[in-house]
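A single chain, nothing else alongside it, follows as structure tokens in the form predicted alone.
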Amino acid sequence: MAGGSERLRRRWLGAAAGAAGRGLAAWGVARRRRAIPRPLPEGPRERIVVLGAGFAGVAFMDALWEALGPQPRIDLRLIDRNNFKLFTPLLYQVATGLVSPDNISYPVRRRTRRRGARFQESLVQGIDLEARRVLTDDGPVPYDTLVVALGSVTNFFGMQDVARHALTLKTLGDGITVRNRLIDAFEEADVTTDPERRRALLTFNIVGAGATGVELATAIDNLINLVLLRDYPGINAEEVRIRLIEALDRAVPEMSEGVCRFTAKRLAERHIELRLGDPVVGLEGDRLRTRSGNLLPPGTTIWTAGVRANPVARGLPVEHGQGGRVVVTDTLQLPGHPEVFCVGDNALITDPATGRPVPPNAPAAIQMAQATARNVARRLRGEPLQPFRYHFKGELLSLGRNHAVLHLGGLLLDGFPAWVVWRAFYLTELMGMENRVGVMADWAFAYLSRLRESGRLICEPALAEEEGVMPTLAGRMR
């Protein structure tokens, strides 16, 4: 029976890989057949500056290339402090040893060169709206059109004591730090004779039960049960505690009710403790304090509870909303400064269909960037701009090995089929065939052999301490 189940799973994986391959081939054909863009009317050279090489920044550059093609009038420059694009949806898999850091980072210079653009590795320090220039650590950069796509930073809601104590999961360095901490905790717990210290080492508090927190918790549970408990036979499964702490009354509150229901069921099956409606409000000694006055047992704390707009966006002298996001017009422009567009986590705009703000996630950021690119092309041609409309395209959530939840239209699917769809989708979303093949190889090795040597997970601590950026990343090497 077990063999039949395994064969069925492998057929699903083969079918998913085939579908992904056919989708990529069709995508390539469609790109080759696209219409040749019309030349721009005569005019001065347009300096377009994009801040941020994340999902939104790269999507804008690609969409502008699709809309305009190579145009002598366009001087497009992409600025970011890192010369690689990080595929953040798989960052939690770096933290749990499922994928290599190199396989979710892509060198941006290669992409910009193919798009006829320039890349500048600089730290953005501010924006001078009146002088129309971006202030960087390498000097000012003038612009005629500016796209602010700087992304978000971790939000500790003013709790500096928690910020000093907790780990985060926003950068490659963060992923490696979490990975090291997991291994170090088991190494020390294996030899300590202090029972209190052992309990603390084997307790993992994840603050924030949104998509990132849930995917991280289930991945840590898989790592512990499939790898670490085998490598550390002196530690029992009953000694390990994974706790998810959420301020609201349900897990993944940003997703639909059906997804929330399946998520809660899966967490209960894995014995992952879920604490709802009791937010963390501070730190007392080495214990997290919640609003109800509870002091949680000490352990490793990983903060995934919220984000806020980049400090540069928050510093703009305009109206701001929740999380410091910039309130923009329906065309994603800065009020009073039509030459400046804000997209992604930096922009706050209401979805007319729901009456709620457009969510600060990658799919929304990509849609905003693509709409902005089309409007920039219209602006250069003297055509009227079109308002942005957000289109909900479904929900996908990984819940550990062989489990995921898919919500698409009226379809709500969980378990192994949803897990196969989840993996196929993210393979197609990765940038670069080299990265896709690398991630697919990582996944295949972990799935078919069930082996991940914990020793190879340990990296030099210095790599994870350099402000969240590794000095030997693939992005710098290629």
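Treat the numbers as computed from the prediction; the structure is a model and nothing was measured. The first residue of the shown sequence is 1; numbering continues from there.
One more form of this protein exists, namely the form predicted in complex with a small molecule; it is left out here, but the text below deals with it.
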Would Asp184, Phe204 and Ala217 all count as contacting the small molecule in the predicted complex, using a 4.5 Å heavy atom cut-off? no
Using a 4.5 angstroms cut-off on non-hydrogen atoms, would Met61 count as touching the small molecule in the predicted complex? no
Though only this chain appears here, would Asn375 touch the small molecule in the predicted complex if you measure heavy atom gaps against 4.5 Å? no
Taking heavy atoms and a 4.5 Å cut-off, does Gly323 contact the small molecule in the predicted complex? no
In the predicted complex, does Lys170 come within 4.5 Å of the small molecule, counting heavy atoms only? yes
Between Ala362, Leu76, Ala200, Val99, only one gets a heavy atom within 4.5 angstroms of the small molecule in the predicted complex; which residue is that? Ala362
One residue of Val312, Ala166, Ala247, Ala371 in contact with the small molecule, assessed in the predicted complex (non-hydrogen atom, 4.5 angstroms): Val312
Based on heavy atom distances of 4.5 Å or less, which listed stretch (220-228, 259-267, 115-123, 68-76) is in contact with the small molecule in the predicted complex? 115-123
